[in-house]
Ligand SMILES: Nc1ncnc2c1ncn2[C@@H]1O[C@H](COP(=O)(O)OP(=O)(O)O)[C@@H](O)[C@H]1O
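In the block that follows, a single chain appears as structure tokens, in the form predicted alone.
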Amino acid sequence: MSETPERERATATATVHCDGLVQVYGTPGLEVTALRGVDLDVAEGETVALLGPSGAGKSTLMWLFAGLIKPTAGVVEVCGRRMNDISGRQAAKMRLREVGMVMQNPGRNLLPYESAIGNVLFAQSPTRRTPKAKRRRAAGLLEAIGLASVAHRPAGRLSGGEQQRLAVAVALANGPRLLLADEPTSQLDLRSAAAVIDLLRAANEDLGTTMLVVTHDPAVGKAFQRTVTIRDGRVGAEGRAGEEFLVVGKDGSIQLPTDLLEVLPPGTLARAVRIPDGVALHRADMDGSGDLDALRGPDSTSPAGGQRP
């Protein structure tokens, strides 16, 4: 079935586009499914915080967007390129020129024996800036994140928090079209985290950099335009302006927020009821629809050892 004009336009202007994205790790018989059909679009210039519990698939998404792994199934497009089809070398060129990346372990982003400023200068190698312009850019970034005083210290001798801030500066050195960052504030105190958030926002506002950041930091989620919550390898919710909305999957499935699972625990029978402005969910044993055990049938077992939830 062909896409609607609206869908075609959305895809054409998206920096990141996913359709039915599946990622399975392991060998036959020992598979682990990290992603279970992710559909996601991130528009040019948008800032998105990826939320969700550990093991939900957030970091896997980042690796796919960076071209570090190939999807098991589905489509992923980044900056107009279909990542399913490009080579590892082509993906590496993208990371040099168009896609900045901050990995969760900041040391993996850096040259440990090179100075802090040397790391930021090296990251600008693909650009056509003059040496003077490169040094000005590097000094400005280090100043913005509070590392000017350690500019000439080897990256390997910086603290974990300093390395994390330096990794963000390195990722932004070229003014990338897309920034991917995995927990960029996880090791930082409040002041340093605020400096990193300010730097990310400035890059978005001044350069139009699209940003996709995995985070557990509420301050990052509030600073970004949109939040996307990943649960059990799927997009479970999206939010804007502090509100969270459930996402209905292509198969009609929804994922309830954790706090609502106290009302409708896994395994509970529920009824979907039409109401004037949408659909309401009711526990089957509480909406006047009859006995829950009768609804389950004589051979069924209730989730709480025969007791109603």
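For clarity, every value in this text was computed on a predicted model and none was experimentally measured. Numbering starts at 1 and runs along the sequence shown.
The same protein also has a form predicted in complex with the ligand, omitted here; what follows describes it.
- Taking the partner from the other structure, the ligand in the model of the complex has a heavy atom within 4.5 Å of a heavy atom of residue 60.
- Using a 4.5 Å cutoff between non-hydrogen atoms, residue 34 counts as a contact of the ligand in the model of the complex.
- In the model of the complex, the ligand lies farther than 4.5 Å from every heavy atom of residue 267.
- A residue is said to contact a partner when one of its heavy atoms sits within 4.5 Å of a partner heavy atom; residue 56 meets this definition for the ligand in the model of the complex.
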